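Shown below, as structure tokens, is a lone chain in the form predicted on its own; questions about how it binds or moves come after it.
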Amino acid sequence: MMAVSVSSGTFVLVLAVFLASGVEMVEALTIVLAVGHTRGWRTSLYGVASALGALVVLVALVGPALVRVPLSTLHLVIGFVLLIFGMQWLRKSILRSSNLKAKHDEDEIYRATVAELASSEPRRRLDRIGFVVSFKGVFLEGLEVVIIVITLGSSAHRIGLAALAAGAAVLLVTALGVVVAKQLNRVPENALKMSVGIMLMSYGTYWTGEGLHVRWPGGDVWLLILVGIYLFATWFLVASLRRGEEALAASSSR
């Protein structure tokens, strides 16, 4: 039972971190490519390097402080944070799947970013505008990855494994970005965000319960049960919203 429990928790952890990191890095890569094509690759890469350096410093400052926090408090706070993240991701993906919100189009974001950057003349050396855009994109998206790695990894006592999963996602997205260049809309981002939202909600519920001293029968196996519950709830909401939208469209066309 213990081996099954550990493997279930580890599987959900790795998959959640990998998918979440992959989604965030696709968005960051879109901005980096746009800056590189319009303001110069040197400027874009300087922005990337500076953002990564800032994230490393942030992790070095924040990471050790988590060790001194009581475990029950850590579980409760982290569970709450994950529930907030999960609800945000899940709400948007449900609305997009129900056609109530426009789907996230990375090609459109790329074109908009290129148009905005191309409106001013780039400098010969380090371009300030391009640097700021590249830095901000990588730092903000990377910060979300850091938060997910620290919260999920520290709660499950698998922060090294979580970091490896995030690193694998970053390497994969970077390799795909080099191959497909601007064709980033081929990535099924809404499906990925929905999956990540479900897993973050599951982990958030589990760790909030741990912080409140809830006894989960079967231990980490309950993570898979929670994933199934949230998956069914998501499917039910999407189906209900689609039926409501179709009924409204049919009545308005009469």
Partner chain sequence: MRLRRSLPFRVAKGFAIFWWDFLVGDTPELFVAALAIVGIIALCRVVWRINVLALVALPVLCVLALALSVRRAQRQLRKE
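Numbering follows the first chain given and starts at 1. Only a predicted model underlies this, so the values are computations on that prediction, with no experimental measurement involved.
Just so it is clear, the following notes concern the form predicted together with its partner chain, a form of the same protein that is not shown.
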90, 94 and 101 each touching its partner chain in the predicted bound form (heavy atom, 4.5 Å): yes
Residue-level question: is residue 131 within 4.5 Å of its partner chain in the predicted bound form, judged on heavy atoms? no
Contact label in the predicted bound form: residue 50 to its partner chain, heavy atom within 4.5 Å: no
Contact of residue 61 with its partner chain in the predicted bound form (heavy atom, 4.5 Å): no
Any of the heavy atoms of residue 84 lying within 4.5 Å of its partner chain in the predicted bound form? yes
Can you pick the one in 76, 161, 168, 176 that has a heavy atom within 4.5 Å of its partner chain in the predicted bound form? 76
Residues of stretch 194-213 in contact with its partner chain in the predicted bound form (4.5 Å, non-hydrogen atom): 201, 205, 208, 209, 212, 213
